[in-house]
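Okay, so we've got the same protein chain twice, two forms, each given alone as structure tokens, structure 1 and structure 2.
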Structure 1
Amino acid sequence: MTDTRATQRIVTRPGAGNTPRPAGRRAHRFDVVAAWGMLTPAVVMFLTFVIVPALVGIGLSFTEWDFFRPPVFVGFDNYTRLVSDPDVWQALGVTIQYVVLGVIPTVLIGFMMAVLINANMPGVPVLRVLYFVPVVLSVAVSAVLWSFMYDPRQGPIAALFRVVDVPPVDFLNSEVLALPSLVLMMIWLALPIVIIFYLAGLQRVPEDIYSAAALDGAGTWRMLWSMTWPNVMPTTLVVVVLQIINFVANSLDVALIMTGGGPLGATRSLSLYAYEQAFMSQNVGYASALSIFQLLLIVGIIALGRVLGSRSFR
């Protein structure tokens, strides 16, 4: 009875094909045991530190909690408070600025630089290392470095301003310039990875389309925009998604270290606001609601991107 069922299962199992199974019915059970033996550590760690926290976060967003006393259920209060909190809207605007000011230049400059150093000329592989330099720097190290670069009295950027006869300002304490200054550093930090992606993407562009275009008399710029750029579109899509995530994620570390979110909240993104609510004001429930709100926004953007993306490809 059991034997027949097991045999049937093996025969009808997709992928089993005609390969004879030496151990007969035991093979299948052994497959399951071995697979779960190998999967269990990863699944347990993943459930404990990713899935359970996600569920706990959703649950806590409906409560008021200060880390110490037991959480109090408050229904949708945190969410209604969030909608009428002017700081949330400011932080949302700041988050959008981080992403828009950061991602577009990073992708375009990264593409141009990859094209530039994707050359089969002697010495270029060595020179490429210059372009990869920022990749080894952490936000903490670059923060030390760039805080001094932006110093209005002694920093090199202030010196550049003086050369063109513009009085330098205190970049990181200016409500207008603080955010672009942080974004400039973040672009610089992100460029090597984008360049590496495009270098890989460029290798897959077939050489012969260029010779054909050259015969037709296309110039360098023409070829770049009407041949190279469309041909690396798959790479661009990957890079854009990764960089949106990167600028959203890094906005927390960078602003926390360099400006503390200031001046007057000008560099405080949604994630920094949630961080402050959780770890400085001990409003864990409200902070959880802020995280969920941000999550919904990102899921919405990705869904929108997929809809628009699939439309433009058809």
Structure 2
Amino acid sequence: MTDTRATQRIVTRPGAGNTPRPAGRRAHRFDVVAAWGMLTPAVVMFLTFVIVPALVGIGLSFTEWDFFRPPVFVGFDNYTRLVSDPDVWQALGVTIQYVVLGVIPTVLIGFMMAVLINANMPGVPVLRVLYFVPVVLSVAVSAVLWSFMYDPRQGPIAALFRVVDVPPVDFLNSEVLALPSLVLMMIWLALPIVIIFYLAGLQRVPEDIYSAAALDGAGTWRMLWSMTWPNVMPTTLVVVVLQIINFVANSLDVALIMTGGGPLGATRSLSLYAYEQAFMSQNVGYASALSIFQLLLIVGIIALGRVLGSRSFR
């Protein structure tokens, strides 16, 4: 936009009004074409891999389909079944546990690590390398790695327990410990993105408020919770919404690889239940209804976050 205006100023003669000459119009058309040229691949990808599958999923949720015979329209039967299915509410409870146990620690730990990294304290270069490691690993590789760590026979955690003469714990086969063990791995996987968001948010906090607080005798913790934390609240709202989506979506991959949804459904989220209905029971229509139900929950949470955020910053 700046280059276009500069071009128009150069080609406009005194007394000729503000009408750009053909050279200015050509430059403007070139900018528009260039912008559309750069946007088009992203728009096509978004339509192909997000919008079209979502519309197909909505359509399938009103059908009964087993991959082999043509879909049969059944109206709202899948949604009626969804409401009365006890496995849905158990999976919804597990999904809520993933979110509650995962999002709050991820946000707080990510914020504290970003503050430490931003402060350039001794050892920060090592911390920067360590926090960036999960970024280069896929969810599947991370899940296999953490499954080995939790192995009660050969894993490093079991080895540490043996050193202090404590019997090894079978984390992934414990009905109580399986879900927290998976959440711990997901927190480790999510922290790098959260730290990057908070590092960007910390750059926007004015330095002069710290100088004024120091003159008033405010300590480090006082500055952290009374000045830094409120100033990064917009970043926090974004991070919370993204991590809710992350813990809902990634619970499928992580639970499928590490526990298969067990033991006794203790780690089976809504995503995994929909996967089981689609690819194990061949109830594609019902699985689509489950996915739409989950999508509506996420959209509702995002809308609630926007409302709370708009009220907080009025």
Partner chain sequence: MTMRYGRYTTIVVFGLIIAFPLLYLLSGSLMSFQEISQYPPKLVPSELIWQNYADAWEYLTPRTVLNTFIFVISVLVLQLAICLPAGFALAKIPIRGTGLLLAMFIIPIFLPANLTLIPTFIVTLELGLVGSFAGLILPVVGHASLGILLFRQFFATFPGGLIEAARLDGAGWFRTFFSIALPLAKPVIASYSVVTFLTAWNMYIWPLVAAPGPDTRVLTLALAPLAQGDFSNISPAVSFAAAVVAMIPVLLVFVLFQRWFTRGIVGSGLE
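Rigid core (definition): largest C-alpha set, two forms, superposition within 1.5 Å. Counting starts at 1 and follows the sequence of structure 1. It should be emphasised that the depicted structure is a prediction, and the values quoted were computed from it without experimental measurement.
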Of structures 1 and 2, the form predicted alone: 2
After the core is matched up, is the C-alpha of Phe279 off by 2 Å or more between the two structures? no
Would you say Leu264 moves between the two structures, meaning its CA shifts by 2 Å or more once the core is fitted? no
Indicate whether Pro168 shows a C-alpha shift of 2 Å or more between the two structures, with the rigid core used for the fit. yes
May I ask for the C-alpha shift of Phe49 between the two structures, in Å, based on superposition of the rigid core? 4.0
